[in-house]
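Before any questions on binding or motion, here is one chain by itself as structure tokens, the form predicted on its own.
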């Protein structure tokens, strides 16, 4: 057989070599589901299609649909119940996410110069009130850190913090003269749940001295406690001087 009689090598038909992977992302599905709910294509109380049906509609894996629906469920717009399916919520509950800010970033975002001063750092037996608040047994020793955050040289926040070394053993080696407990914990320690209390309070002597206000002056306080599983990580009270205001988007 002559060389020119040799048939050319076959070229695989890419169109028939197997199913193509879908390019539909979970973000696309999430946005489409939200659009259907907001347009009332799926009205309140409506049972929406099963994950398998949506996966077939979008030409993607069922896991992609599941991720999208989890994200929508986090907004409170749908109710997902095992064996009962997923329905558009009759009374949507807007759920807040606890975002813990780094005070340095908060100050610098406002265009101010940030400074920080460590007031004290002690490893001590926790007082009854603190143990009760954190759900800890007697004789528990906690790290007690007090610090002052400043904006353009003026007191911005006085921080009184209790940290549980049993939940975060490496905290004992952190130099809080170089980095604030606020910044270190946000950057290094994840939490599974938290509780935030906002209130007006009267400045005690220590707080008044740090914030340069009169004892008894009305100040804004934020008390926050976070947990990893069942273990409390930290209980902190951040106090701001008179006139401080906080705003957020909803």
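Whichever C-alpha set is largest while still superposing within 1.5 Å between the two forms counts as the rigid core. From a predicted model like this one, the values you see are computed outputs, not experimental measurements. Residue numbers count along the first chain shown, from 1.
One more form of this protein should be noted, the form predicted in complex with the DNA, which is absent from this view; the next part is about it.
- Annotation: in the predicted complex, residues 50, 83 and 86 each come within 4.5 Å of the DNA through at least one heavy atom.
- For the residues 184, 42, 26, 191, the 4.5 Å heavy atom test against the DNA in the predicted complex is passed only by 26.
- The DNA is not shown here, and in the predicted complex it never comes within 4.5 Å of any heavy atom of residue 202.
- Among heavy atoms of residue 61, some come within 4.5 Å of the DNA in the predicted complex.
- In the predicted complex, none of the heavy atoms of residue 224 sits within 4.5 Å of a heavy atom of the DNA.
- The DNA is not drawn, but in the predicted complex it has no heavy atom within 4.5 Å of residue 36.
- Of the candidate stretches 167-175, 123-131, 102-110, 74-82, only 74-82 has residues whose heavy atoms lie within 4.5 Å of the DNA in the predicted complex.
- Remark: with the core as the superposition reference, the CA shift of residue 141 between this form and the one not shown stays below 2 Å.
- In the core-superposed comparison between this form and the one not shown, residue 191 has its Cα shifted by less than 2 Å.
- The Cα position of residue 223 differs by less than 2 Å between this form and the one not shown after fitting on the rigid core.
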